[in-house]
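Only one chain is included here, represented as structure tokens and corresponding to the form predicted on its own.
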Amino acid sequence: MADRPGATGAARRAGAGWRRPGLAYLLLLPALALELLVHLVPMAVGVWMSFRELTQFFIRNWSAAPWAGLRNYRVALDVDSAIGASLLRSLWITLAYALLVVAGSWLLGFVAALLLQRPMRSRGLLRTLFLVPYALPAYAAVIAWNFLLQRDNGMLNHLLVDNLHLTDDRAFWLLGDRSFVAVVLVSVWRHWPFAFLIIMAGMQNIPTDLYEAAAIDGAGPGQQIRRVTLPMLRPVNLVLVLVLFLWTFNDFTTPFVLFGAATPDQADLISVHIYQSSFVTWNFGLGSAMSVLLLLFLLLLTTGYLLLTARRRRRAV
């Protein structure tokens, strides 16, 4: 039986309605409203707080806090004062932390993805095991590392001192100079599976013909990695490095759960530093100003990174 002309015309009009641009934006409105509520509104409130002298005396009535203007920003940027000097020191520590974590996570992820690139019997099992640190809840994983790094009954000191006999002294991994090594180690353990997952997906998109052609030309495994794998992974690596850097630079869970509120000076990451300036000293205006400065710093850094990579991409073309 042939379709009725009226029914066919109605179906076409309905399909055209679904293709209208306005309908697409209408369907996006719930997600945009949620994004506005969860991110943009708190961000705007934080910017407003940074211009106020909001201390513990105005917790019950924020609007009554005196107008501070740019005073909080001047205090945070004054490197000659104790507050500005400690913030600058925390920034340098966080930069070193982020660079080491990104480098370690990428290297481990790349090596693991390279080892599992070729088919093997236990490849599925190894992939699952490699992704366990990424699948675990961050709080539970860092709590476990806190127990492992304890001086007297931690597994790491027990292994180094009692089993391997590499040293006679039980190190304080959560205090002093070793605290920075500890937080970098834990963060690399948490983030490298994500790098492994992204790099592995990128490697699977590389045509095998390129490796076969390179092998015919006499290229060994090392040359194939340098001439084929790394160049083909460049777009993936550009995004991966940026995401990992932003994640680790803003990481609060790892240092706070690992050390508690009293973070050692050697591991004074800027996220915990801002938290202490806000919730320990009860100076929310100054803490908000530090947060805004951190946001601007990361925006400038991200913009510079994207411009630099875009310029290199144009030169390569």
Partner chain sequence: MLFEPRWFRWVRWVGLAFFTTIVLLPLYVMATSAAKPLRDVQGEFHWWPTELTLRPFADIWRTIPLGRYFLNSVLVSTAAALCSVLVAVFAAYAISRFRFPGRALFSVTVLSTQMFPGILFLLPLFLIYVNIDQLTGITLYGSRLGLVITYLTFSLPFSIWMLVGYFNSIPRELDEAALVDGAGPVGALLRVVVPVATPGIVAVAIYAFVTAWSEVLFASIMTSEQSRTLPVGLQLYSTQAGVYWNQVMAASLVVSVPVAAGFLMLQRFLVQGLTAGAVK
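Positions refer to the first chain, counted from 1. Everything numeric here is computed off the predicted structure, so don't read it as measured data.
The next section is about a form of this same protein that is not shown, the form predicted in complex with its partner chain.
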Inset, instruction - Decide whether Leu307 counts as a contact residue for its partner chain in the predicted bound form under a heavy atom distance cut-off of 4.5 Å. - result: no
Legend entry - Contact flag, Phe256 vs its partner chain in the predicted bound form, heavy atom cut 4.5 Å: yes
Legend entry - Contact flag, Ser271 vs its partner chain in the predicted bound form, heavy atom cut 4.5 Å: yes
Inset, instruction - Although its partner chain is absent from this view, report whether Ala267 comes within 4.5 Å of it in the predicted bound form, heavy atoms only. - result: no
Inset, instruction - Taking its partner chain as it sits in the predicted bound form, which residues of 30-55 have a non-hydrogen atom within 4.5 Å of it? Please list them. - result: Pro30, Ala31, Leu32, Leu34, Glu35, Leu37, Val38, His39, Leu40, Val41, Pro42, Met43, Val45, Gly46, Met49, Leu54
